[in-house]
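The chain that follows stands alone, in the form predicted alone, written as C-alpha cells.
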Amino acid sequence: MSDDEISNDGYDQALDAIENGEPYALECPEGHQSMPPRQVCPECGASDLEEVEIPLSGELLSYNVTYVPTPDFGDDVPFVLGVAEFDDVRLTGRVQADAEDVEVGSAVEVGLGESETTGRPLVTFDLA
C-alpha cells in the first residue's frame, strides 16, 4: 500500500457522503449527534451509535481568517475557517468566500473541496 492509498476509516466515508450530497452524523440513544468517526458518544459515552442524515444547509456559528497555517495548508492562505451547525451536529470547514462577505448567522451549504497545498479533501461551506 502506498502513502496515496492510506485511508482514514470513518472520516473518509463521511467525506464521501458529503460529496454525494448525503451527509450524516452519528447519533446515540440519547439523541446526541457528532461527526464521524466515533466509537462512543462524546457527550454521554454511549457506544450504540447509528448513522442519521443531516441537512445540507446549516448556520455559520463562528469563523476566523487564517493567515498563519499549518504546513499542510501553506499554499491555501489566507482562508476563512468556520464552524457551522447542521441540526445538532457542528462541522468545521473552509468557507468558500472572501472574509468581508462572511457573517456569523449566515446560511451555508456543506460541500467538499481540497487543499491547494496537499490536494487532500476537506469540508467546505458555500454561502447560501
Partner chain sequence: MASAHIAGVGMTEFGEFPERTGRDLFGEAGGTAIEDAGIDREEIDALYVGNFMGELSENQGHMGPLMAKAVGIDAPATRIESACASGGMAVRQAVKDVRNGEADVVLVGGVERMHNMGTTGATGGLSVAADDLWEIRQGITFPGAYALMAQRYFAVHGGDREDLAHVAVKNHANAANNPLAQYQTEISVEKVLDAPPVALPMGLFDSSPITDGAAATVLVSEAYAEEHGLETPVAITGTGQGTDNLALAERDSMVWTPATEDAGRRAYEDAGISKDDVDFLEVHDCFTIAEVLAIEGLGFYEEGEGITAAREGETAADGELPVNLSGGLKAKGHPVGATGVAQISEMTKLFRGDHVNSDAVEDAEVGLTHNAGGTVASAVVHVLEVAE
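Numbering follows the first chain given and starts at 1. Every value quoted in this text rests on a predicted model; they were computed, and no experiment measured them.
Keep in mind that the form predicted in complex with the partner chain is missing from the display, and what follows is about it.
This chain appears without its partner; in the predicted bound form, the one residue of 56, 97, 91, 28 with a heavy atom within 4.5 Å of the partner chain is 91. Contact between residue 86 and the partner chain in the predicted bound form is not found at the 4.5 Å heavy atom cutoff. For residue 17, no non-hydrogen atom is located within 4.5 Å of the partner chain in the predicted bound form, even though that partner is not displayed. Shown alone here, residue 47 lies farther than 4.5 Å from the partner chain in the predicted bound form, counting heavy atoms only. Taking the partner from elsewhere, residue 61 is found to have a heavy atom lying within 4.5 Å of the partner chain in the predicted bound form. Within 4.5 angstroms of the partner chain in the predicted bound form, the stretch 45 to 84 places a non-hydrogen atom from each of 61, 62, 63, 64, 65, 66, 67, 68, 69, 70, 71, 73, 79, 81, 82, 83, taken in sequence order.
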